[in-house]
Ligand code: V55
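Just the one chain here, laid out as structure tokens, in the form predicted alone.
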């Protein structure tokens, strides 16, 4: 038995699929809304060749992108590998050449490149639509531009040579009022560097501002938030160093003694205007949204209590503690008038949630009412027998709409054999906040295939409006995004 065959046997639904696909006129259960005209893009990782090290982070898998194109009540599905430099190199060699996650010192000597990290990126984390272009992102390199219809890879993009950071964030933010994009690159001048470059790009995709700052310590800066006046940069816990990389370890380890930080800088500010607020141990991966009230910044985020990733082990040699990998919806208030460098934090709901949260994109940077994310509802049925022995111990079975005004939670339940991936919000026309649809992939473990659910965001408890039924299983998505036919040149 080959290593790859063994992986397929051992990993069940999550095993590598290693295929590209085109499926026109997909099967649909229910009735698709006639006003859905656009594409849902999803990006994730899949091992084309098995990893060199069995304990490598799954975040190191090769990037793929898939799309569900909605038009006139019909859906077409496409899926392609992202043809990064790394992907082409290993395809030519017909074997895995790249070592641990973000550690070129562990690569095969034939591809070892310590100067240009973009040659290692798998571009497997998030899709981005801006200035009429589609990109795939991963925070260890530059974006890759993708054809929005065929999903063919067009190559790396450096924003007409004006992007000077060696890296580009996985989660830039787009201002719905101006069309501007605020983005950043951390470890901007090389591996383990403490340089953070923050950029503002106009709605045409041209760089207009660059600010270079230093971080309190080198850590994962995976997500950010903006308000109409401020940029918010959270991180905490994960650490790295050149010594760690030279020792042949995965890029990140968890240091529970490190404080968490949230940086706040005016959108028109300079490096000297960056203010770092300091807090307790937190794993800060994703955010919902933020807004500015007077001279206070209010941030909503589903931050974890501690280390979420078991493949980024504690630096003190202790085992990963799953009991502390808990995410809650938190409201964090940062008072810019205060001389104190701390913040006020409130957990808004006692229930644990997933941290892949979204808001209606029309209210990014503004005060919002609704937060959307997935979670496990233990009160819902779980048919473990039908799901099989490789199913997870508990399913992410629900999408929730969390109302910041009433405190009410309304949820969509995917079914007793379905595991939900991240949701995305699809605005409906020129409606108010929350008027639209939730779309996301549900993995059907009982039938070993995937389905795309379409849910009315105003009435999630009513169940899905429609499901797009695929005759095969999809790999794990990291992030997805909706693009209307007006945002991209879709055919």
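Numbering follows the first chain given and starts at 1. As the structure is a computational prediction, the values presented were derived from the model and not from experiment.
Below: the form predicted together with the named molecule, not depicted.
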{"query": "Whether 42, 86 and 144 all lie within 4.5 angstroms of the named molecule in the predicted bound form by heavy atom", "finding": "no"}
{"query": "Contact residue in the predicted bound form, chosen from 286, 358, 418, 251 - any heavy atom within 4.5 Å of the named molecule", "finding": "286"}
{"query": "Heavy atom within 4.5 Å of the named molecule in the predicted bound form - the one residue of 159, 309, 343, 413 that qualifies", "finding": "309"}
{"query": "Contact segment among 135 to 143, 332 to 340, 268 to 276, 361 to 369, judged by heavy atoms lying within 4.5 Å of the named molecule in the predicted bound form", "finding": "135 to 143"}
{"query": "4.5 angstroms heavy atom contact with the named molecule in the predicted bound form for residue 169", "finding": "no"}
{"query": "Heavy atom of residue 466 within 4.5 Å of the named molecule in the predicted bound form", "finding": "no"}
{"query": "The named molecule contact in the predicted bound form: residue 120, any heavy atom under 4.5 Å", "finding": "no"}
{"query": "Exercise: residue 481 in contact with the named molecule in the predicted bound form, heavy atom 4.5 Å", "finding": "no"}
{"query": "Partner contacts in the predicted bound form for 66 to 104 (non-hydrogen atom within 4.5 angstroms of the named molecule)", "finding": "101"}
